[in-house]
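Next comes just one chain, in structure tokens: the form predicted alone.
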């Protein structure tokens, strides 16, 4: 699904990603751990094609196609979808209209929203006056409407209370087809997490630690999370297993 080869990225003159190599097969969900400022969000933004993130070296391939130089809208049309950690408020635009646009008219907003108790927000302006959990649900419903082949989720549990986290987890599980057998899943995910709470609701196939712009290790995501809790990120940087 996604292949990243020797990726080096700058923001202005600052090097934020250093030689990233990553593979996410079709149907798999991968988890990315790391301290704040380690480059996690920069990686997702680079994959999605935001111009501020300048690729100095390397290649990004999606479904076998080189997308390194493609604009955001073409990557979205190919099937990449992104949920921001802190999405913007958009005054004058209703949630229902965004859902129609994201789905190209393929879904009925009322039907989609009813599944996750979000009907009362359809006539509200995007994210205006929303709580943290409501913002996350809004973002993920937009992704459901878009129906991407691969989802990039930036700290989906951030700012979400436990009640809303269950709903957020359920939407992500639907996005990633977790109700299917692993061999039958056609969608993939790359999820950034700072706490690991999302793994209580969404199983992941592989985990990574990203520190100072470099991927230091990979393996079973629950084992990696346990090591982080026990030893901290600095020990992980020394280990480089």
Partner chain sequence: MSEIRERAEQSRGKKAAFGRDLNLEDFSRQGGAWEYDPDYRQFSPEERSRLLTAGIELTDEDHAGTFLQADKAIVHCQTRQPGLEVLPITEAASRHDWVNDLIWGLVAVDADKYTAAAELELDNGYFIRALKGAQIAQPVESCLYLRTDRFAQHVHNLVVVEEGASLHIITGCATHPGVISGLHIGVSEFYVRQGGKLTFTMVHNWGEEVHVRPRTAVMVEAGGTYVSNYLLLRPVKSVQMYPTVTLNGEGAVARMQSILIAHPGCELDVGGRVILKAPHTRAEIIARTLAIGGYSMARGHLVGLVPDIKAHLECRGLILGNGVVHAIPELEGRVAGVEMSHEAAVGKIAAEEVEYLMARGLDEEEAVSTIVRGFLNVKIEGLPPALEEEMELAIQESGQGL
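Numbering follows the first chain given and starts at 1. These numbers come from a predicted model, not from an experiment.
The same protein also has a form predicted in complex with the partner chain, omitted here; what follows describes it.
Asker: Would residue 96 sit within 4.5 Å of the partner chain in the predicted complex, counting heavy atoms only?
Answerer: Outside the cut-off, so no.
Asker: Any chance residue 89 has a heavy atom within 4.5 Å of the partner chain in the predicted complex?
Answerer: Yes, residue 89 is a contact residue.
Asker: Is residue 122 a contact residue for the partner chain in the predicted complex, using a 4.5 Å heavy atom cut-off?
Answerer: It does not: once the partner chain is placed as it appears in the predicted complex, residue 122 has no heavy atom within 4.5 Å of it.
Asker: Is there a non-hydrogen atom of residue 50 within 4.5 angstroms of a non-hydrogen atom of the partner chain in the predicted complex?
Answerer: Judged by the heavy-atom cut-off of 4.5 Å, residue 50 is in contact with the partner chain in the predicted complex.
Asker: Going by heavy atoms within 4.5 Å, which of 212-220, 170-178, 66-74, 198-206 lines up against the partner chain in the predicted complex?
Answerer: After filtering at 4.5 Å, what remains is 66-74.
Asker: Contact check in the predicted complex: 84, 101 and 146 versus the partner chain, with a cutoff of 4.5 Å between any heavy atoms. Do all three pass?
Answerer: Every residue of the spot touches the partner chain in the predicted complex.
Asker: If the cut-off is 4.5 angstroms on heavy atoms, which of these, 113, 150, 160, 126, is the one near the partner chain in the predicted complex?
Answerer: In short, 126.
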